[in-house]
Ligand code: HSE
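Starting off, we have a lone chain in the form predicted alone, written out as structure tokens.
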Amino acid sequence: MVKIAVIGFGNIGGGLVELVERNKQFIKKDTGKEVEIKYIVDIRDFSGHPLKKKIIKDFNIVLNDPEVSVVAEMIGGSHPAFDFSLAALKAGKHVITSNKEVVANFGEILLQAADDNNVSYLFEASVGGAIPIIRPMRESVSSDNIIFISGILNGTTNYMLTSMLKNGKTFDQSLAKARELGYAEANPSADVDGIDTCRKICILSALSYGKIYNSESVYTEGIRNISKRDTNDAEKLGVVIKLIGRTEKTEDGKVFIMVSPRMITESSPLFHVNDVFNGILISCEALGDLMFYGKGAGRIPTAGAVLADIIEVIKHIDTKQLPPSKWERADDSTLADYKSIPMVFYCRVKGDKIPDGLKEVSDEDGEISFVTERTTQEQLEKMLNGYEITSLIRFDV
């Protein structure tokens, strides 16, 4: 019998409990072992809940119970989620999480603690929701040289951008609808300002290159400044606008990580990823281009990814540990300057003319938009010295 403690009985934690209770026979058939949720830890009052006998408020009860071998951390935020996870790992318990903030901020510490204590720290649900991306990268892609990763990693912003482009909605209108449908929080900053996407691309970058960068050091631009003029011009160009997290190794050995709106051409697999879906494109030296697509959020899909990690741990419970995975905390000086990376830009400036040789897209309301050849942002800013730039969107090529 494998006994589990679920820490946090909110949306995802509740979904996990539901899935475990509903699938006990399947889990036993798949792993050869019975499972039981022994504790649910939450400080709120659940006195009327059918599972109230399992619900406790003191995490130390879990920590000091030798029968509990797996802890599922579903709290969210950095603290006390990190503190509970570290303590559980040091107590010899496997830890599973969906918490991308903790993985991005403390992943190297928690992976080291797991290795030191011969247990596992797994986080499939931290990126891509229901999309199996962490495990394939760890098991199938890790031996290949990853050229770049480019991903639509946030379902809320993808829904909003789809609405803005296809339905002609403004940012405010699409955000209001996203809130109505439950896709956006009351405070949507983590989504619309790119913070959520940044944490996820930092995790994918660490899986690719072995080092985790501070998300605060990564250039991150959200979608608040995307206007109707931008989406109209995108339609003229035959492209779509998506919020993209991208990472790649540069020729000088540095790592480039960036989060920003991008114009996606129809030749890209990301072009058709719409609404709340996520899409992750991984370009490998030997395997070529791999595309991962699916629902990036939601109670049951995300809980399903957590359960998949739990099942993987149970399958290896007698040997105590899956193959170890460790990262280093990266030195920010090895992070490439985003302004030095060659790109193609869509740009809009105030005025009635633009530098020669640029492809004009539209000219209205005292502003001209155009597309550049492949250049760096440093070179572009020199070219446009004296112009007032009102919009700058990169192409994902």
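Small disclaimer: the values here were computed from a predicted structure and weren't measured. Residue positions are given as counts along the sequence shown, with the first one as 1. By rigid core we mean the largest C-alpha set that fits within 1.5 Å across both forms.
The discussion below concerns the form predicted together with L-homoserine, not included here.
The stretch in contact with L-homoserine in the predicted complex, judged by heavy atoms within 4.5 Å, is 296-304, chosen from 68-76, 263-271, 250-258, 296-304. Contact check for Gly155: a non-hydrogen atom falls within 4.5 Å of L-homoserine in the predicted complex. L-homoserine is not shown here, but in the predicted complex it comes within 4.5 Å of a heavy atom of Ala184.
By the criterion of a heavy atom within 4.5 Å, Arg246 is excluded from the residues contacting L-homoserine in the predicted complex. When contacts are judged by a 4.5 Å heavy atom cut-off, Arg199 does not count as touching L-homoserine in the predicted complex. With a cut-off of 2 Å and the rigid core superposed, Leu175 has a Cα displacement that reaches or exceeds the cut-off between this form and the one not shown.
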